[in-house]
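One chain is shown next in structure tokens, namely the form predicted alone.
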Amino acid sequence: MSDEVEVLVVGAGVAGIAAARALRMRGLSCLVLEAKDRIGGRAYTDATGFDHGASWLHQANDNPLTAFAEALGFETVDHDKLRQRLLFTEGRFATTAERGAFAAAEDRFWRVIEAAAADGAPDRPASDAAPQGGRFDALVAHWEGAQICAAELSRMSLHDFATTALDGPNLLLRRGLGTLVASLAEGLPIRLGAPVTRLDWGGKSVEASGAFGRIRARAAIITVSTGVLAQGRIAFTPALPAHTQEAIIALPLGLLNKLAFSIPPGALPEFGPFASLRRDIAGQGDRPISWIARPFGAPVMLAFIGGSLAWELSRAGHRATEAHARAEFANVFGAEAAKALGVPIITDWGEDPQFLGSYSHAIPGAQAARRALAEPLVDGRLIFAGEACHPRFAATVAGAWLSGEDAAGIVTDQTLSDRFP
């Protein structure tokens, strides 16, 4: 005999937590099954305060987690107002005029992208629409693609890229975004270390199976990543409809890995807290990484490696990732400064079997995939949720949270009224 619950939630990341909270507010019984030994998914803050995954509350005035942060007394800072923007070009730090030219190139980039993605325009790779030929055009495209979206613009749908572009404010939390997410899970019925390997959904109920045994529910909300779904880590019986399977494949995960180096006194100029550094593209095939110095004044240097370079280094291992970051640091600050950096904390979402990547993008021609994946099946008995399912705030905790809440609202009264067979 299997355990029984009204709604089963698979995954205790941001979307799963949001769904469970919303279900409980409706007075429904639910259980969250989480494969890992912790909650939070890709929003995880370790004991040092380092956010391994999600770090910012993007577009904070419209972000549902901003109100939670304020209500729970989390200290936040507006990163855009605090950071000193540094650019390293031609072997030196850029002049004020050059930084202004880079900012102008960013503005031009978005004007061109928005015009190209206007209503009625055909979809195509975002790279096809990006400006080319200007001094900083290649760097802007690399920054907006690999370093922000975790994938090169050539891999991304123009329409999805334009639709999911974000505005400020971009808030950072001193205690970490993962800490906020964990606090929102307090009191929820979550079972850790319980990966679902099979989900039967063909009858009047759904049944999840794994090493934990079997659990039946009237409905299930699936919040695992599209990376995991695409690899078939959960066997669905019957097979998912073709349009759902196609949406999963059309929403692959990019990769953005981070390294946190301790920096001893004198290892680099005394930049203020949150100073950001970008290095200009030096030639064909160059894929610069980026840095943030001294978050909240801590003696730490954060490195960000995105896109195809992140995948290559992930496959090569942590030593290769660290060596590449140190070489990049030496390019700017010198070999001695690079040697002085401490042993880093290194994230690797691509190698984690519970995620297999960082966050989603839609491939060219698949601008409708997010809505297709979120479409409920069998009258709300099976629903997918997560950042990949949100058509506006994809790839963010806001999108994951809103998608989880939406999924909880989709579970129909008719579905819940059905008796277990």
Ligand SMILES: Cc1cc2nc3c(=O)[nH]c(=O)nc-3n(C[C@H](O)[C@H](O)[C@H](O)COP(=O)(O)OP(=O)(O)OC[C@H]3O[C@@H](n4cnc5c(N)ncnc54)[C@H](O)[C@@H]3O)c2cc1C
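The structure presented is a predicted model; accordingly, all values stated were derived computationally and were not measured. One rule holds for the numbers: they count along the sequence shown, beginning at 1.
Just so you know, the form predicted together with this ligand exists too; it's not on screen, but the next bit is about it.
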Handout entry: Interface segment, criterion being heavy atoms within 4.5 Å of this ligand in the predicted bound form, picked from 354 to 362, 66 to 74, 367 to 375, 22 to 30
Key = 354 to 362
Exercise for the section: Counting non-hydrogen atoms within 4.5 angstroms of this ligand in the predicted bound form, say which of 173, 325, 228, 313 makes the cut. Expected result: 228
Practice task
Report the residue, out of 250, 224, 268, 260, that has at least one non-hydrogen atom within 4.5 angstroms of this ligand in the predicted bound form.
Solution key: 224
Exercise for the section: Determine whether any heavy atom of residue 383 comes within 4.5 Å of a heavy atom of this ligand in the predicted bound form, and answer yes or no. Expected result: no
Practice task
State yes or no: in the predicted bound form, is some non-hydrogen atom of residue 349 no more than 4.5 angstroms from a non-hydrogen atom of this ligand?
Solution key: yes
Handout entry: Partner contact for residue 52 in the predicted bound form: this ligand, 4.5 angstroms, heavy atom
Key = yes
Handout entry: Any non-hydrogen atom of residue 36 within 4.5 angstroms of this ligand in the predicted bound form
Key = yes
Handout entry: Triplet 14, 194 and 396 all within 4.5 Å of this ligand in the predicted bound form via a heavy atom
Key = yes
Problem - Residues within stretch 55 to 85 having a non-hydrogen atom within 4.5 Å of this ligand in the predicted bound form - result: 55, 56, 58
